[in-house]
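The data below hold one chain only, encoded as structure tokens and taken in the form predicted on its own.
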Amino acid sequence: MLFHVRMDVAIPPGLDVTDRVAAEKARALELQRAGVWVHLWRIVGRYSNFSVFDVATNDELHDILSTLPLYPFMKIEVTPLATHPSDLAAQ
């Protein structure tokens, strides 16, 4: 199943998250190499991203998102995706 995920990060002022940011990058790369995090785009002007995950279930997505080191500082919106009948791949 594909999921569109928006992640907005809000780190409290003065909190040093240098190690968490490095760990976040490593985890994101690991998930991309595994084929789970299939797209990742930065939202210009924000500490946010749009992503697409390919996982079997809602629970699997939740479990993955909760492993992200910056998860405690994220507001996350998830939208399940389905193939559109007019998509070229559906033809």
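Numbers for residues come from their place in the sequence shown, where the first is 1. Since we're looking at a predicted model, the values are computed, not measured.
The following text describes the form predicted together with another copy of the chain, which does not appear among the structures shown.
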Does residue 17 reach another copy of the chain in the predicted bound form, with heavy atoms at most 4.5 Å apart?
-> no
Hey, in the predicted bound form, does residue 36 get a heavy atom within 4.5 angstroms of another copy of the chain?
-> no
Is residue 67 close to another copy of the chain in the predicted bound form, meaning a heavy atom pair under 4.5 Å apart or at it?
-> no
Out of 34-55, which residues reach within 4.5 Å of another copy of the chain in the predicted bound form, heavy atoms considered?
-> 39, 40, 41, 42, 43, 44, 45, 46, 47, 49, 50, 52
